[in-house]
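Next up is one chain by itself, shown in structure tokens, the form predicted alone.
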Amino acid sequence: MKTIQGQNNKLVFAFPDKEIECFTTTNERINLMLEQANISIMGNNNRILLYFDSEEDAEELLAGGGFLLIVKGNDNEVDMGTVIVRSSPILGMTGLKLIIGQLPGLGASVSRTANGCRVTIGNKVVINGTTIYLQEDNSRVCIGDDSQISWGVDIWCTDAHTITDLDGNPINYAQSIEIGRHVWIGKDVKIGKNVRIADNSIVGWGSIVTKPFDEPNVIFAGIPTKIVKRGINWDRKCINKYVKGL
């Protein structure tokens, strides 16, 4: 169920042949999708742009139960390309939870907002079970085209609480998380603030990534994460199909 509060917010669905401004459209199918969608926008001047190849793809994402979008604050932007979001209770796939500002379920006494944040997700990104969370003003998350994200994955561009030096000065500001093109993030990976992962790389199961890596075509793994193999690339096909050229 959608919740929209505030002024001058904009939600646009972009298709190959048209763009639809969702808050003013008379398209009955789009309006029904919105009523079924888990989208909450609370604040002013927020801009959400979602790309789809077809109205059927939009309906699958918004009414399928695997997509949650919460934006609480002002002047935030979300630009999401043609993603594939999967959810499966059997495997624990939870789809995509994209949250700026307020984490759900914290209670009425906790109110958090984030302003001026930006989330960019490229085209042909497959997401199976991921929470993307931004809480600090002017922070950003970028995920490149053709990436694949497994389930149990947390991408948090914040520590949620403040760490200070002994004079009380904050020392753990979050600026950005940058995930390159064609990056495969394995199951149960945790990615923290101010991380960068270069193109054509793999992050192994259960890894915790807490620093930037600029070298492409590598496998990262471990706690903390380190490079364990260089000179690699990857393909979505299983090995049986890949070796047979299928």
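So that there is no doubt, residue numbering starts at 1 and follows the sequence shown. On a predicted model such as this, the values are computed, not experimentally measured, just so you know.
Missing here is the form predicted together with a small molecule; even so, the following discussion is about that form.
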ask   = So, in the model of the complex, is Pro216 in contact with the small molecule at a 4.5 angstroms heavy atom limit?
value = no
inquiry  = I'd like to check something about Gly222: if you look in the model of the complex, is any of its heavy atoms closer than or equal to 4.5 Å to a heavy atom of the small molecule?
reply    = yes
key: Cys238, heavy atom within 4.5 angstroms of the small molecule in the model of the complex   = no
inquiry  = in the model of the complex, is there a heavy atom of the small molecule that lies within 4.5 Å of any heavy atom of Arg230, even though the partner is absent here?
reply    = no
query = Heavy atoms within 4.5 Å of the small molecule in the model of the complex: which stretch among 63-71, 46-54, 31-39, 184-192?
reply = 184-192
note = Partner-free chain; cross-checking the small molecule in the model of the complex, the single residue of Asn138, Thr82, Thr120, Ser150 with a heavy atom within 4.5 Å is Ser150
